[in-house]
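Okay, so here's just one chain, in structure tokens, the form predicted alone.
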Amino acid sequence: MTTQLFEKTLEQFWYVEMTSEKGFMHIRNNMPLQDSISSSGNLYSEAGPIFLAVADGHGDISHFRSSTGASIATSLTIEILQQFADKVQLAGQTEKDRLISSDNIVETVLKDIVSNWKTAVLDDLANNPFNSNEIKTIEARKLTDYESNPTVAYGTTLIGCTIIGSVVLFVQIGDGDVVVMAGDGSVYNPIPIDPSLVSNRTTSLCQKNPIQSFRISVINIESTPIDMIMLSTDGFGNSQIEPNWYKGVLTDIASFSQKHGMLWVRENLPNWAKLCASREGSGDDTTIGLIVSEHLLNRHEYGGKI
């Protein structure tokens, strides 16, 4: 579990809190943690961007190296978003508008994520060829074409987020949740719903044409203020009793943040994830990443700080 505090543009701090817990089913079956979360930024900088990425390796027997695939996905996504942020920060307004357009994000950010992930996965395979047990799995899964697409073994979802000044960019492939609390306290999902995500089926970086399954959202926080962002793997959402849990969960976290401060949230976040990952919860690996604006801590009733 990692905690970071960044100073941002728009004269505000952004607190980044994150945790990842192995699910009961993976503990019982002696499986590795399939989730991965990474963050980066210019610590205490005056205008440095924030980067956060969450991935959920599929964990199914067909995707027997998905924990590695998830770890690769989050680390390279941070790098690619950093490169994108560098360009945005140096650009004039007209060029900035072009850079943050959906078409350009597809042609640059998404293409780089997909191609770099595939290259890194194939490099890992070259350095660590399938062992005898993995080859037995491949031979048993006759309907899965590992020969033409060995990246299937590393299959994973991915959510990426960056705040660059007044611009917030989200990219996502597969399941998991992106939830935002606006400055007025309303809660919404900024990423379009993917109708292909039915039951336990999910889109993936390992599919043949992953770019077409990515969803994108760009928010200008000067015109649409944001108090909180939560990225989470499906282990969190699947543990919730209420089907429309978003508002209740973020409202509770906002209240806790204001009343007790971010240090209290940092200390308790792993316990919330463990409860979701337990037998009584989803039993699945659970990862939570929070980005909380200092404005939230000052705006409402309590105004608590670290």
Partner chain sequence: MNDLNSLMPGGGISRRSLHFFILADCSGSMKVDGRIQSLNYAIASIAPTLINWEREQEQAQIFVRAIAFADQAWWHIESPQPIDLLNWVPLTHVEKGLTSMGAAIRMVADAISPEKFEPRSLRPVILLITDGKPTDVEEFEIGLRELFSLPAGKAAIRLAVAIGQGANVSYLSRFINDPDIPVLVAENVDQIAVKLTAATLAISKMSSIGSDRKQVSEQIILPAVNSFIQADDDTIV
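Predicted, not measured: the structure shown is a model, and the values here were computed from it. Numbering follows the first chain given and starts at 1.
The form predicted together with the partner chain exists for this protein as well; it is not shown, and the discussion that follows is about that form.
*Which residue, 262, 33, 50, 249, has a heavy atom that falls within 4.5 Å of the partner chain in the model of the complex?*
Answer to the contact question: 249.
*Name the stretch: of 75-83, 200-208, 179-187, 150-158, exactly one has residues whose heavy atoms fall within 4.5 Å of the partner chain in the model of the complex.*
Contact-bearing stretch, as computed: 200-208.
*May I ask you to check whether residue 41 falls inside a 4.5 Å heavy atom distance of the partner chain in the model of the complex?*
Residue 41: no contact with the partner chain in the model of the complex.
*asked:* Is it the case that residue 117, even though its partner is missing from this view, gets within 4.5 Å of the partner chain in the model of the complex, heavy atoms only?
replied: So residue 117 does not count as contacting the partner chain.
*Spell out, yes or no, whether the shortest heavy atom distance between residue 26 and the partner chain in the model of the complex is within 4.5 Å.*
Yes, residue 26 sits close enough to the partner chain in the model of the complex that at least one of its heavy atoms falls within 4.5 Å.
*Hey, in the model of the complex, is residue 196 touching the partner chain, heavy atoms inside 4.5 Å?*
Heavy-atom contact with the partner chain at 4.5 Å: present for residue 196.
_Given a 4.5 Å distance limit between heavy atoms, list every residue of 234-271 close to the partner chain in the model of the complex, or none if there are none._
In sequence order, 236, 237, 238, 239, 240, 241, 242, 248, 249, 252, 253, 256, 260, 264, 268, 271 come within 4.5 Å of the partner.
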